[in-house]
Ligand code: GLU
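The data below hold one chain only, encoded as structure tokens and taken in the form predicted alone.
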């Protein structure tokens, strides 16, 4: 799917108005440049994270000459394609999707490698979550066999993660489950309505979708994702993590140390065509105000400047690289 830059800026204005970003065309008085940040659904974590970044920029518009707006999108694949097409300036995406785009894999097999993709920095760890109705009898990934499972909409990060997990567990997503390809934002209601038995959602915690899923009459639980050692060895952007249950008091789980699963790093990406000074000022603002960012969302609470410079599959954008060298991070 391809949207014109005019459409994205217009839609971004609506989102930006919610956080006093405001906008009124391509530029404002004083030669201000508008930048858009591709996020995800409003019930996920990408949207509040992108909004936090935009707020930092917009509080310093006069100093930076930048004004930012956030765009709700279909997620990682959409954001990567949008920045490469020049429809957005920055996008939040999973590290596995960054790797696949750069190397022409998965959704980019037909179009081939995307050499113009550039990394700005890494952010936080997203977890591959499976939420199931407690009455569906799903306690392991293998128990998904024969069940109605939402694996995520095409173009979303969780769809590929879901297929990876199912395959690693010995299940064929096309024949062993009854796969539904709907947005994670819609899956909570479908689960409560009894139209699906479980859904995948790759996201940081806490996420509004899980709050919604666990607030209905139908009791739900997180399904452990274990036995993924071969998958992690083959695709090292995955790693073992645990879902923090204390954030979701209404779920049926009782694992005291959290529910085991796998996770991937979240990246901020842009295009090689993006103006160097724009990326430099954007990156500098984020890193010089990490304390403010950490306080904006629990998923950002563990941000560490040194770790944020590593973990990139794509080359660093020259603007980001310039700041990291100035700051002694490279």
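On a predicted model such as this, the values are computed, not experimentally measured, just so you know. Residue numbers count along the first chain shown, from 1.
There is another form of this protein, the form predicted in complex with the named molecule, and it is not shown here; the text below is about that form.
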Practice problem: Kindly confirm or deny that 41, 45 and 202 each have some heavy atom within 4.5 angstroms of the named molecule in the predicted complex. | Solution: yes
Practice problem: Find out whether any non-hydrogen atom of residue 100 is located within 4.5 angstroms of the named molecule in the predicted complex, and reply yes or no. | Solution: no
Quiz item: Is residue 126 close enough to the named molecule in the predicted complex to count, meaning some heavy atom within 4.5 Å?
Solution: yes
Practice problem: Would you check, heavy atoms only and a 4.5 Å threshold, whether residue 258 touches the named molecule in the predicted complex? | Solution: no
Quiz item: Is residue 157 close enough to the named molecule in the predicted complex to count, meaning some heavy atom within 4.5 Å?
Solution: yes
Quiz prompt | Segment that reaches the named molecule in the predicted complex - one of 140 to 148, 246 to 254, 222 to 230, 70 to 78, heavy atoms within 4.5 Å | solution = 70 to 78
Quiz item: Considering only 251 to 276, what residues come within 4.5 Å of the named molecule in the predicted complex, judged by heavy atoms?
Solution: none
